[in-house]
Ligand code: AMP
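Quick heads-up: it's one chain on its own, the form predicted alone, in structure tokens.
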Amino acid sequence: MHNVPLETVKVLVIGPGGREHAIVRSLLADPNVSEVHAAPGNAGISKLVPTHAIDANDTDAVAALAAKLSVDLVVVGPEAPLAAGVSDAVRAAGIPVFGPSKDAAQLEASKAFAKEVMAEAGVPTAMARVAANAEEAADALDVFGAPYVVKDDGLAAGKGVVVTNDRDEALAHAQSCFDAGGTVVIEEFLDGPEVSVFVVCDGRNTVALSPAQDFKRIFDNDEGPNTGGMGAYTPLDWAPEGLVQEVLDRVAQPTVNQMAHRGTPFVGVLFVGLALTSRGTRVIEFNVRFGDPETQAVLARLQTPLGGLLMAAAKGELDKVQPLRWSKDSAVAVVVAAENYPGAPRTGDRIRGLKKVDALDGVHVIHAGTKLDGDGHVVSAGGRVLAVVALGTDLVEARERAYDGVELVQLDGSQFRTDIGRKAARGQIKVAAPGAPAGSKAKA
């Protein structure tokens, strides 16, 4: 008897960023993935696979490209194409797609919708109010007190949130959202460390990936304005035992069940942003795609072939998937951002040293905001330019390797945080056991 090879799949990855580069890299490592294409991709992705210059948010263009390439699976990376309905167009063309429908993507596209679904599903989250004008906003701020948390209700790429002790600043952010024709969600502040858990969903079943922690603020010690994320690490040795199971049982599965009940089944990644508070685990927010830059660190450790996992989700067959396999190593991703990010970033600068970084042991570069200039040189083309990702036997070694790599990147005016994973590496993160006095440590 000959061994019959497993079905091989041809995959199209939609999106231009670091998350998509990490996904492409993992798909290429899957022996059952025969071919990978990306649209529009970036300079790093284009060195690995054919790229196609289309608008990722153009639903018809994406569906037409998928049909033309005769792909077996489309993986949609960013939130904007999902909110635009790209998955629906691809599904209508009869092609399996990993990524929620436009209706299901409301879990990220509307904070108010997400709160409604969480309430119906009994998911533990921050108390919140939706405000449509200054009077409602002021009322909600006074109910919850400082620190004030004000979120733009629409898609804001991780930047539409203001957390402040200054009531005037909170009101001003709310007003700027109203002036733009939007509404805001005002919430109680959640204490405790934050955790990101990606849950792969097929509409019925859920499979969690290894938790990660990311760093949102631009400067060390969580100072300065919010960004899309300046770095991440995984696994979290300090996380309470049973955290992942708790997230599946209390958050992800009830949400997936509720979405199916509503007639909008959720297929794709449910990104669960959590705070491990003194009152227990609370959901901060949902996103409907792999988080960036956590994906870069998480996928660096995943040993289960990614193509098979995403295909199983797209086909509603996650219940047939074996338990996921993970490297014992720790992974750290450090983002190198352009000058002036998260404001209007400086772009078009040559990036040097990337081959030297890739030559380091256990280190690789993931491109985000990059493109090739007319001479074929890699230049900056966005705010978060690239991430240096490193594996190490523990967090200390992984951090050391990542920062050795960052030092080799030459980009005029670039900036990065020096403290990604530092507190965890020093054993300085404490989780209060629910009901325990602050300062006591839960079993890690």
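Start at 1 and count along the sequence shown; that's the residue number. All figures in this text were calculated on a predicted structure; none of them were measured in a lab.
There is another form of the same protein, the form predicted in complex with this ligand; it is not shown, and what comes next is about it.
**Student:** Could you confirm whether E187 comes within 4.5 Å of this ligand in the predicted bound form, counting heavy atoms only?
**Tutor:** Yes, E187 is a contact residue.
**Student:** Find out whether any non-hydrogen atom of L306 is located within 4.5 angstroms of this ligand in the predicted bound form, and reply yes or no.
**Tutor:** Contact with this ligand, no.
**Student:** Can you tell me if R91 lies within 4.5 angstroms of this ligand in the predicted bound form, counting non-hydrogen atoms only?
**Tutor:** Because no heavy atom of R91 falls inside 4.5 Å of this ligand in the predicted bound form, the answer is no.
**Student:** Any chance E194 has a heavy atom within 4.5 Å of this ligand in the predicted bound form?
**Tutor:** So E194 counts as contacting this ligand.
**Student:** So which stretch, 261 to 269, 278 to 286, 331 to 339, 136 to 144, is the one near this ligand in the predicted bound form (non-hydrogen atoms, 4.5 Å)?
**Tutor:** So the stretch in question is 278 to 286.
**Student:** Counting only heavy atoms and a 4.5 Å cut-off, does this ligand in the predicted bound form sit next to every one of A126, V161 and K216?
**Tutor:** Looking in the predicted bound form, the three residues A126, V161 and K216 all sit within 4.5 Å of this ligand (heavy atoms).
**Student:** Please tell me which of V149, A109, V117, V207 lies within 4.5 Å of this ligand in the predicted bound form, judged by heavy atoms.
**Tutor:** Selected residue: V149.
**Student:** Sort through T347, T183, N226, Q253 and report the residue having a heavy atom within 4.5 Å of this ligand in the predicted bound form.
**Tutor:** Looking at the other structure, the residue within range turns out to be N226.
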